[in-house]
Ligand SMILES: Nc1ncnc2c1ncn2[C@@H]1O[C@H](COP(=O)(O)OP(=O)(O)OP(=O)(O)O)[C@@H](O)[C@H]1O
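The chain below stands alone, shown as structure tokens; this is the form predicted on its own.
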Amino acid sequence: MLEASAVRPVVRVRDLWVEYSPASGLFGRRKILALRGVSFEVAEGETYGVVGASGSGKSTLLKAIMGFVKPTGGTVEIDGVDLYGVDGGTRRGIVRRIGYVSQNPLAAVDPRYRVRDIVAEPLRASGVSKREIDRVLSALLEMVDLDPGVMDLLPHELSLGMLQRVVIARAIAAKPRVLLLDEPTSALDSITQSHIVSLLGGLRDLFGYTSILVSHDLRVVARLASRLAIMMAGLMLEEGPTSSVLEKPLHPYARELVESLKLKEVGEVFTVNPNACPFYTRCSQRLDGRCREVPPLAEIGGARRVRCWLYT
């Protein structure tokens, strides 16, 4: 696998598989392969982007890193410690060092909590005293461009953009080792999206967070991520420096995305033939003798990886 850095990466995902088994339906019980052998590394201070449509597995990936979804295979390491190779108490301690920003700020907060209580949640969980929490709350809100006067407001009294800033303040409150960004702008209007992207970029530059950003929008990822992975149906189809992937995408699906600058929806994971390339039915360059099998992820030129028989 490609090394993201000469030193040990902060996040290392190796051959990660996640399988769901929903309740039996009309056609019996069928398994959903949400992630299929995903591997990547994120270096200190790097922002790693993951782009994919609905059903691609990008949000499941973040849930596995947070410990919310147990993998059926593979490992997730934070600073060299495998989340699923330690006891529950140790895992919870590692997860506390991960900040999380979700795509829906309304669903991410308790509507009964005031802003001060929302932002203070990770600080209280880390054992920070009330006196110290009171001291840092105003500074945290100012970091996300909010007036400390909003501290006593309830979520419904804020705009979505303001509430997302509150969620970001909560995510960075305990000085996380890793910041996970799950579609952080998707619920916002275009002007607010731009402001939030600028805010996240500024915080990254200020604190040097190691971040993983998932999105369906290439433009957001292009502004924040130094490296980019493109996923479909639980498979990583291409990975490389963001500028290289956008300038010269290798996989036919990646080329389609770059040309359109937006994702076209794909079917749910269980509708895809798990034995074939997930882009097989729509690919104008498919090789009928080979593309009915999933190709390996091949290294191209030292900094790129692509899962396509055209390069294997």
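Residue numbers here begin at 1 and follow the sequence given. Values in this document were obtained by computation on a predicted structure and should not be read as measured data.
There is also a form predicted in complex with the named molecule; it is not shown, and the following applies to it.
- Although the partner is absent here, residue 249 sits far enough away that none of its heavy atoms falls within 4.5 Å of the named molecule in the predicted bound form.
- In the predicted bound form, the named molecule sits within 4.5 Å of a heavy atom belonging to residue 34.
- Among heavy atoms of residue 60, some come within 4.5 Å of the named molecule in the predicted bound form.
- Contact between residue 103 and the named molecule in the predicted bound form is found at the 4.5 Å heavy atom cutoff.
- Among the residues 66, 258, 53, 43, the one placing a heavy atom within 4.5 Å of the named molecule in the predicted bound form is 53.
- Distance criterion of 4.5 Å from any heavy atom to the named molecule in the predicted bound form singles out 216 from the list 116, 216, 97, 223.
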